[in-house]
Every structure is written in structure tokens, then in C-alpha cells.
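Given next, in C-alpha cells, is a single chain: the form predicted alone.
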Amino acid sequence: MNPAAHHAASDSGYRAEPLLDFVTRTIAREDDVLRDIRESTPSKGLPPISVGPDEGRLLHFLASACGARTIVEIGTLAGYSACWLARALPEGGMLHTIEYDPKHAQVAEKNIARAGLTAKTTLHVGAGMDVLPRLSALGPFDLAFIDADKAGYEGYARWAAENVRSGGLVICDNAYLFGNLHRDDLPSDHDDAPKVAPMRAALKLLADEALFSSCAMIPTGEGMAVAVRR
């Protein structure tokens, strides 16, 4: 999820730059349903922090590239990224998406149904670390996408490392931590201060060559870390 300042529904932030606008129109095309899900999210009382169409297309590409049939997403919000991921699944594939906030989950459920993806999506309501242990029995999974509370990233990444198959992908969004990942000088009362250590720990795990055969940072506006399970 991206900060509201970067993903307002208006033409502001990095996505309004001419180059990225062109790329979005050319490659990361949304249909009317996806566009409406993204643009209507704030009017439904949810924060405008969904991934953008360029990142959604990237998720679709990565899921397709690894031949994903089973995916876990941690952090559903309004279901926008879930729709991109579920659309990459073949018939019989399943996305398990986890949302902490029941209100967000209700909006996401309706959006996923409107996109015609209910048969490929199971929405779990609850805290990520409460739901994930129950999903372990359904694994191993082909892909795990982490886009939830940043303080929980280390735990989510460890679960993913244990439950994604060899050759599968673990993806962490907001890996730049809103530009603060590298900072050791954040005031203790800064919103991102308690998130620096868990985000760094998650990335250190993805870079562990005993667990992952390859890891890279895709330089989206927010940074998307991708690792291939060994």
C-alpha cells in the first residue's frame, strides 16, 4: 500500500509524471472495473493507499511468470491488488487474501465479486499472524504478496519463506519504507521509526542466499522487493 500523498485519486504524485502516465496507458491498462475500484476507494471511507495500475500490472506479470496457481496476499484493502493477482491465476487457481479491518473486507468482497473473481478468491478477515498459521496446511504456495502493516513485515516474510515453494516468489511492497528505509536518524516519535527495524529484517531475510536463490528491488515509486525461493 502506498501513502495517500502518492496515490490520491487526483493527478498528483509520481504517477502523474508524463512518462509513467504513458507507461500506464500503454502497458498497465485497466479496464473499467479495475479503474472504478481504484478511484472509488476513498469515497467508500478507505484510505487511498492501493497499489497503482503500474504496480498492479507488475504483480499480474510476476504471478504469470512463475506460473502461480496458489497465492497468499497479506493486506487486501479494497481488493484492487487482489483483482490483479486473481486475474493471473488459471482456472482452478486460488488467491487467499487477508484483511484485518472488517469494513475494508466488506468493500473488497463486493469489488472482487464485481470483477467476477469470487471463484478464484478466498477472503480471510483477521490479523495476518492469526490467519497465516491456518493457511500453512494449504501450502506450499506459489507466491506471497506482503502489503500490510509495516511493523509486521518480518513475521510475514518469515512465514512466506517457510510456506512458498521452491521457485516461488515472495514480494514485499513499500520496501523503501516511504523513503525512510536507510535512515538511522528518525526521531523516536516519527510514524515510521518503529517500522525501520522490521522492514530491514524482512529484506535481510529475502536476501539470505540460504533461503532465496535471487532477490532484487524493483524501483517502483515505493520499492517492491522480490525474492525467488531456493
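When you see a residue number, it is the position in the sequence shown, counting from 1. From a predicted model like this one, the values you see are computed outputs, not experimental measurements.
This protein has a second form, the form predicted in complex with a small molecule, left out of what is shown; the following refers to that one.
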In contact with the small molecule in the model of the complex (heavy atoms, 4.5 Å), from 87-95, 109-117, 73-81, 134-142, is stretch 73-81
Test of understanding: in the model of the complex, would G126 fall inside 4.5 Å of the small molecule by heavy atoms? yes
Check whether E154 has any heavy atom within 4.5 Å of a heavy atom of the small molecule in the model of the complex, and answer yes or no. no
4.5 Å heavy atom contact, L203 to the small molecule in the model of the complex: no
My question is simply whether C172 lines the interface with the small molecule in the model of the complex - judged by any non-hydrogen atom within 4.5 Å. no
Give me the residue from V196, C66, A28, I49 that has a heavy atom within 4.5 Å of the small molecule in the model of the complex. I49
